[in-house]
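Subsequent text provides structure tokens for two forms of one protein chain, presented individually as structure 1 and structure 2.
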Structure 1
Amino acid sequence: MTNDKMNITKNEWPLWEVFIRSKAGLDHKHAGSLHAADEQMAIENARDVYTRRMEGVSIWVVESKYIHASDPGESASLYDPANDKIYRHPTFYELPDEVKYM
């Protein structure tokens, strides 16, 4: 860690969002947030905090300021255009019993 990063107080460290993949082949899931001086420290802290029992195979960290989200209050207008495209909603298909969790 460089000297300038060591001089930053913990209150000034950026916030990082942590995503953990619990097993190979599964999606990364949001595990929580933490403060760290840089990406390496964020990964190491995420490992220590969110995978204490060896439950992860991969860790992603993303500085929170780089995550942009839609406004939940505007969800109706955001998703409204999809309502007139029924082919995007496969509710009229019959699934065989062998297909689970769909």
Structure 2
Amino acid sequence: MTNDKMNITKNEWPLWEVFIRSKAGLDHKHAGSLHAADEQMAIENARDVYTRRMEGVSIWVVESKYIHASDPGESASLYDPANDKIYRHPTFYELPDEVKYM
């Protein structure tokens, strides 16, 4: 175990990302993050911190270190090219009246 890792385990609980499903059938959505010693405690803490006002029916937790994020510095090359590709939107189709909820 490296020195850094030891210090973290010794002094502070790891950070967890919390995902809450607000009702059956919907996706789990990111609700926030919290500290907990392990996954069991993370779920209990999430229950107490993020579902006290009936926000959810299901909880996922993932230790934050397992989340990999895109680099904000690369946003220009990653996302800007989509700006002028209007043909990628399905707006050129005429929907028959029978199709609902689109």
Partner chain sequence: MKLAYTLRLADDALIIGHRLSEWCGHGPILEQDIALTNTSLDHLGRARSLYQYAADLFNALPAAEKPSVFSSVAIQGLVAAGTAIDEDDVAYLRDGWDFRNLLLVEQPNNDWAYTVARSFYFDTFNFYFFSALQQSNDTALAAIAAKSLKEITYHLRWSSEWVIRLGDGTEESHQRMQQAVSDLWMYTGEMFVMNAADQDAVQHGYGVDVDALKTLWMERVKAVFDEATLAMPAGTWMQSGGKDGKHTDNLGYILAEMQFMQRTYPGMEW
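One-based numbering along structure 1's sequence throughout. Every value quoted in this text rests on a predicted model; they were computed, and no experiment measured them. The term rigid core refers to the most C-alpha atoms you can superpose between the two forms while keeping them within 1.5 Å.
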item	value
Which of the two shown structures is the form predicted together with the partner chain	2
Exceeds or equals 2 Å, Cα of Q40 between the two structures, core fit	no
Core fit, then S70 C-alpha moves 2 Å or more between the two structures	no
